[in-house]
Structures are given as structure tokens and as C-alpha cells.
Ligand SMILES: NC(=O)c1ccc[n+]([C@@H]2O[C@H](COP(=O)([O-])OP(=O)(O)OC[C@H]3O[C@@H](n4cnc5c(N)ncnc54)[C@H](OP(=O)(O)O)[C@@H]3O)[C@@H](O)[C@H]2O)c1
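So this first bit is one chain, no partners, the form predicted alone, shown in C-alpha cells.
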Amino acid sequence: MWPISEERRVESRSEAGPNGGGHRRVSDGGRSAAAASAVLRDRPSCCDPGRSSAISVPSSLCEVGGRLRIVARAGMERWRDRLALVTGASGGIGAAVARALVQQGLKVVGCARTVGNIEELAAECKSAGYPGTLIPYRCDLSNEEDILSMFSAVRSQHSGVDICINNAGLARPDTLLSGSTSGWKDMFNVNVLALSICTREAYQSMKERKVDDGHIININSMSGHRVVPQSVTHFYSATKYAVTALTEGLRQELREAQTHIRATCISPGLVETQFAFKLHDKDPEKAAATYEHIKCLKPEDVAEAVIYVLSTPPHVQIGDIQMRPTEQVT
């Protein structure tokens, strides 16, 4: 399903210019060998996926002839050095997407309420010699002023947004019959309003710079396409149905605006993240059991779908990717 990859050596990497703008190619010298050793330590070869390891090999890294290479995805060349915003980048799917984009040579602004994990990921990406850059940004997506301030900072420091990946989302165990209004508001504010505000601001950023080939990707859920008989997820599911409608509405409005900016929705089923532990925060055993009965998707699987969507030719519009673990029933 994913396009064929091409190989690029890690010995060359991109470094930001003196103003953080255009990139120049430099030789990595001895550091690349050390980075390769660090990255591959205790890892399986990409040609031996059956071996277990505490650390998984990123999809765009491969050891060939004893040397670490960064693999450039076919079709991703036009995004190199351009800027992508990834919300909820501190862990799970958001962190995997941010890493994958940096591996493909993009400048990535990763935002979350706390940025410690993003700062660590940025350091890992730099030490591994990835050609892109990860820029941590602290933003509370439930606060519109925070979002507007973030887009203003991106505009002044990095020109603007070319790709917006609305990944941040949350679930609260608030049922329809007895749930708290505050829990409902938390879910609606992040899953629906923040997504819509980021989408609006990203489009305006593209429009004012005459960017006609941008992309807005909403990380949705299979819960935006069916309602499972689990009462604590019903309001969450309603917010994800809203994302399904918002993505199609966005596609239509982009056509009315006669732009070639594309809108895509990616809807994964059960992904092994911290999601269940936040949903069942008072019952960690139940949360852990969520991921034990089947082989779940990994965050990297969703990141691969994002790269696929971005790598398609400009005349191809991917509306929605629905993906489940093979063993998942619903």
C-alpha cells in the first residue's frame, strides 16, 4: 500500500542556516558513525523484523552494508525543509508522526501542554542525524489564545505552516446518562474546537503565503465511524463523528476556494498508546487489559499512513484511511 522507498545516506544531513531558515548540506564526519552505532544498538536489522528488541527501528532507517542509511520516501521530496505542525506530539501517535516527518527532512513544530518529552525526542532526532528538525512548542489546545499565539510565533519565526496534522485528542470516562459537563467540555474543546481552530489558522497561513499545495490531516478514530457498546466512550465517539464531518466539510470548502490544498482523515482502531490509561485512569488493570487481548496497531503504523498520504501525487485526494488491527472485531 505504501509507495516504494529510495535510500539516502546518513553522512549528509541538513542544518538550519544562521536565521533558522534555509538548510545547507554538511558532512557529518565521525559523528554519523557514532550516531549510527547509538541508533542501532540493541535493535534488529530492518531486514529482520522478527527479532524482538526494546527499541524499534524507525521505518526510514536501514542498515545496509554495515552503514546506517536514511530512506527517503518516494513522493516526499517536495516537502523537504517545509514546515509541519503536529499537535499532541508529546507521546503516542503524535510523537511517532513527528519523528517520521523529521526523518523525511521536514521542519516540524511539535506542540503539547508539556514539552519535556518533545525536547527529548528532538535531541534523539538530532543525535541520530535525521535531515529534518523538531521544534518543541508549549501550547494548551483548550485555550484559543494559546493556539493563536503559537501560529503567530510560527509565522514570525518560520514563515508559516505548510502541513497541519491535528493529532491531539482526549477521552474522559463520562457517559451520556451520568457524565460530567466538565468532562464533555474537555473532550469537545480539544477534539473538535481546537482541531477546527488549528485548521482555520493553518489555512490562513497557507493562503497569505499563496501556498496552494498544503495538506491538513486529521487523526480521527474508528470511533468516528461506529459506536461501540461501551458507555464511557459514547461522548468521545460523538466528537470523532464530528471530525469525520469536519474533514469532509473542509474538503468541500477547499474546493469552493479553488485551492489545491488537500484534507485527509486517518481513522485508526486500537493503537497501543497511553490512551486507555487516561480513559480508565482509576482502573489501570482494565486499561492494560485493553491492549493485551489482541496484537494492536503501533503508533508507527499510523505515522506510516501519514507519510503515505503526504507522498501521494498532488492530483490524488485521500479522503479517509480506516485502519484496524487484523484481530480487532469492531
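Just so we're clear, the structure is a prediction, and the values are computed from it rather than from any experiment. A residue's number is simply how far along the shown sequence it sits, counting from 1.
One more form of this protein should be noted, the form predicted in complex with this ligand, which is absent from this view; the next part is about it.
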{"item": "Contact test, all of Phe151, Ser205 and Thr264, partner this ligand in the model of the complex, heavy atom 4.5 Å", "value": "no"}
{"item": "In the model of the complex, segment of 177-185, 153-161, 207-215, 135-143 with a heavy atom within 4.5 Å of this ligand", "value": "135-143"}
{"item": "The unique member of Leu106, Val109, Cys198, Ile93 whose heavy atoms fall within 4.5 Å of this ligand in the model of the complex", "value": "Ile93"}
{"item": "The single option of Ala168, Ala72, Cys125, Leu83 touching this ligand in the model of the complex, heavy atom within 4.5 Å", "value": "Ala168"}
{"item": "Contact test in the model of the complex: Val190 vs this ligand, heavy atoms, 4.5 Å", "value": "yes"}
{"item": "Proximity of Lys278 to this ligand in the model of the complex, heavy atoms at 4.5 Å", "value": "yes"}
{"item": "Exercise: Tyr236 in contact with this ligand in the model of the complex, heavy atom 4.5 Å", "value": "yes"}
{"item": "Contact flag, Thr114 vs this ligand in the model of the complex, heavy atom cut 4.5 Å", "value": "yes"}
{"item": "Residues of 172-188 having any heavy atom within 4.5 Å of this ligand in the model of the complex, listed in sequence order", "value": "none"}
